[in-house]
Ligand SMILES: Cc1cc2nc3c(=O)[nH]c(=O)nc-3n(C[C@H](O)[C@H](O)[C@H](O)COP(=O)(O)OP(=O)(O)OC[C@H]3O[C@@H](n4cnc5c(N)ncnc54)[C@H](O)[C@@H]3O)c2cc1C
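We begin with a single chain expressed as structure tokens, specifically the form predicted on its own.
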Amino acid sequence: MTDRNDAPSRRSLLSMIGVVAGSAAMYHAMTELGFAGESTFTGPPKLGAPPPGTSVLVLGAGIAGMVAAMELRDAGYKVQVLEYNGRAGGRNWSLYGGDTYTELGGFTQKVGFDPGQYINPGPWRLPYHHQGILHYVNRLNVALEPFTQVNYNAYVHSTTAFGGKPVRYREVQADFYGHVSELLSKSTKQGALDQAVSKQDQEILLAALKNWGALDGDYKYATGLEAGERRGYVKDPGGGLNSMPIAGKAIALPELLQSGLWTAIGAGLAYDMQSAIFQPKGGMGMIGKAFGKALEPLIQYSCKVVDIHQDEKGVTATYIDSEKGGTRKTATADWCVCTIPASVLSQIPMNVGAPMKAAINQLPYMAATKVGLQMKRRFWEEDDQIYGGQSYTDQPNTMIGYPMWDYFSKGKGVLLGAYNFGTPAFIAAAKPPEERIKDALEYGSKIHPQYKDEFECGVAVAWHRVPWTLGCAGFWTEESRAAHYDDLCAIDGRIVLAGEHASRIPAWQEGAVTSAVDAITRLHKKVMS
């Protein structure tokens, strides 16, 4: 949704994709540009028993750290985990009523959501082909439910098109597909595709376009019942005498193109957006909680690592209480799996070689912001018949996510009122949480006028202000991967790194899982050698 005519750079293109469709769509684009890759998970690692008493120190109890700790423990290693937070999960995190969160700058938010309501500040969906994270979810018996990525009855919105009024996703998609099908049909009939398509295939193509684009008998896309079957009706078909449907008016092609709304209808086409997608019942943080319970004796919480030192005998991590400060303490092991985000690790003294140090120091982290808004009633369901999915907008909040649980309940609900990246996220992070919430309410009211009357309370997480991550996820470029990725992932002495930043699936829990599996497999091989 931009009116600029100049060709964007790769970085700005990815940013625009992220603004329109979220991090997962941006990841898909990164895959196409060679920045990312598919999951390599084929099953848990098969580690043999190590020499008796061999110990490993795992730094960080996020998904990567806990996968590493679980598999190393099961193989027979002596494992200890140090975690900055007072809980397990890292970015696998849900905020519930009664929770308190303090960000950099000292802003403290006490979440006022009702019981059963929550927001996932970090990951919020599990694609079906992310078999690594799904393996551990099933192993831990975490209950899942469907996640709706595309809701055809949700809205797409531009402040500069159609008087600033939102339009249903299905209307824009049907009209865009219909007009494109009509143009291709005309080209086929006029022989413009003669060299590319045989005569027999042209007939098949015309039939396919007529079906795909809901064209009429003259291969035209126009207001009528054919189009109504895709875009919906002003008056739906019914029963009895007054039962004839009335088709809605199709948007003319020039108006549709100039609106820019067509940029929002491709989110569900990306590899990681294709159904089936899942979410844990009760919030994404249920995975972190289950992992934490399974590893309870191994994890020491509220440990802020301030120094990492290795020598020929082992690795020592120096840490302090992340809440109270105080006396420095140490933890020592033969080996170390470090899953601390590179944005934080770059500030911790660690005696590794220059290649790994350079790889850590050069890796920037994406900015992202999420805002959760509790509403007094589920007006998006009651008034607009929107059940799950997302609406997209060209405003700085970029989207609205609808809760995908408690459908048809008469109680309250929490909307994802903003989920943005890049410049909008940096601007949001510069504001106090209450202003981020106020902005989200203002933007959302342009799509749902009920917003301000129904709003009750909110919470806003800007990831560049999260003290234990300092950003959303590692952001590699094609050039930086070529220069530094292998050095980041290599074993340096007795230390190996793991996490989504040490994977080709950035910003996804699957990247953390596959990175951890790869890191401990190589580490075990070195131990045994």
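Since the structure is predicted, the reported quantities are computational estimates derived from the model, not experimental observations. Residue numbers run from 1 along the displayed sequence.
Below: the form predicted in complex with this ligand, not depicted.
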Per contact check vs this ligand in the model of the complex (non-hydrogen atom within 4.5 angstroms), the hit among 57 to 65, 42 to 50, 488 to 496, 475 to 483 is 57 to 65
Pick from 82, 356, 290, 265: which residue has any heavy atom within 4.5 angstroms of this ligand in the model of the complex?
82
Have a look at 113, 443, 335, 419 for me and say which one sits with a heavy atom within 4.5 Å of this ligand in the model of the complex.
419
State yes or no: in the model of the complex, is some non-hydrogen atom of residue 371 no more than 4.5 angstroms from a non-hydrogen atom of this ligand?
no
Partner proximity in the model of the complex: residue 340 to this ligand, non-hydrogen atom cutoff 4.5 Å
yes
State yes or no: in the model of the complex, is some non-hydrogen atom of residue 509 no more than 4.5 angstroms from a non-hydrogen atom of this ligand?
yes
Proximity of residue 89 to this ligand in the model of the complex, heavy atoms at 4.5 Å
yes
Is this ligand close enough to 304, 463 and 468 in the model of the complex that each of the three has a heavy atom within 4.5 Å of it?
yes
Can you tell me which residues in 109 to 140 come within 4.5 angstroms of this ligand in the model of the complex, by heavy atoms?
121, 122, 123, 124, 125, 126
